[in-house]
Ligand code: ADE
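Next up: a single chain in structure tokens, the form predicted on its own.
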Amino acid sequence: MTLRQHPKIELHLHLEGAAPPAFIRGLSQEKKIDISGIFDERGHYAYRDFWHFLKVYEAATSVLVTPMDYHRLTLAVLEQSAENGVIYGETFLSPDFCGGRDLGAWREYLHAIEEAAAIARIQMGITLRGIVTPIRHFGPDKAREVAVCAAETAGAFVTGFGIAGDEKVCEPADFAWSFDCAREAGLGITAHAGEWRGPDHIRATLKALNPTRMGHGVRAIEDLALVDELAERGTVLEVCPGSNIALGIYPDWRKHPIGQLFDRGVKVTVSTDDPPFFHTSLTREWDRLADAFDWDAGVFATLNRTALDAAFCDRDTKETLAKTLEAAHG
């Protein structure tokens, strides 16, 4: 069995960021919205750095204006995931983009996404759950509105709450109310940290938001005492190596810290973040990690089990997924 054929668990995927460029171009043409400036001559997304990437991301998202757009997007994204062997995924969803944080509108968008996920489960064999995510640089007040949307729709599909966006805007404690609201609604908690800011930001996030998982978190490697703390706490890192390398945080795969983090006992998982922006897929991530660190199928089986244990889904779903993983990995 090749790495592509192995069943995979993915915990860190932005739905809009996973939109194939051709899908976004087609939608813009249908709606007669000119966003041609966000593509290069080959039709790929084009950006200069992380902060320009955020602007291009939001421009691409601007053509997604109806629940049906998100229905179609979800199917397109899940088709690509399933082609790479993903049997279970969690995706970040933001009421900021889906209905402007209006609860009634958010319910309509969410229903369309859930319907698409149900179709994909039957036709493609992939299960999806949603992590509601405010956008950090939109500010704490809007994050509170997002948290209310999350709490009001928590259930079988919406199972988690996180935060994404520009890490350099605001402090983790500014969002404590939103995370407390989500936690009280029974949602699993994750938070982006340790991507563009260092160990102190990771510590502040752990203290203020108390997540069980952390998006990225890789810059913990700059403080080995923090690495050991993450290992002791059992905090699961949603690591996206291809994203970190494409954005210039690390120069190449061999110098990415995921290998060191894994060796020091930190619970790491592997995801793609915004795959078409970074010219990656989960198969490519696995292939490159195997080359860089001589990881074999046994290591990837461990990563899968870590991801499944950390997944924000119910026990029955985990048991079903576990059987599929056991059949593949032995």
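All residue numbers are counted from 1 along the displayed sequence. Since the structure is predicted, the reported quantities are computational estimates derived from the model, not experimental observations.
This next part talks about the form predicted in complex with the ligand, which is not shown.
Contact with the ligand in the predicted complex, defined as a heavy atom within 4.5 Å, holds for exactly one of I113, A164, I189, A151, namely A164. Residue-level contacts in the predicted complex: of T235, S243, N84, T159, one residue has a heavy atom within 4.5 Å of the ligand, and it is S243.
Of the candidate stretches 66-74, 52-60, 28-36, 257-265, only 52-60 contains residues with a heavy atom within 4.5 Å of the ligand in the predicted complex.
Contact annotation for the candidate site: E90, R129 and D309 all lie away from the ligand in the predicted complex (no heavy atom within 4.5 Å).
At a distance threshold of 4.5 angstroms between non-hydrogen atoms, E285 is out of contact with the ligand in the predicted complex.
Under a 4.5 angstroms non-hydrogen atom cutoff, the ligand in the predicted complex lacks E145 among its neighbouring residues.
Although the partner is absent here, D96 is not a contact residue: none of its heavy atoms lies within 4.5 angstroms of the ligand in the predicted complex. When contacts are judged by a 4.5 Å heavy atom cut-off, R213 does not count as touching the ligand in the predicted complex. Heavy atoms closer than or equal to 4.5 Å to the ligand in the predicted complex belong, across 252-277, to the residues D273, D274, ordered by sequence position.
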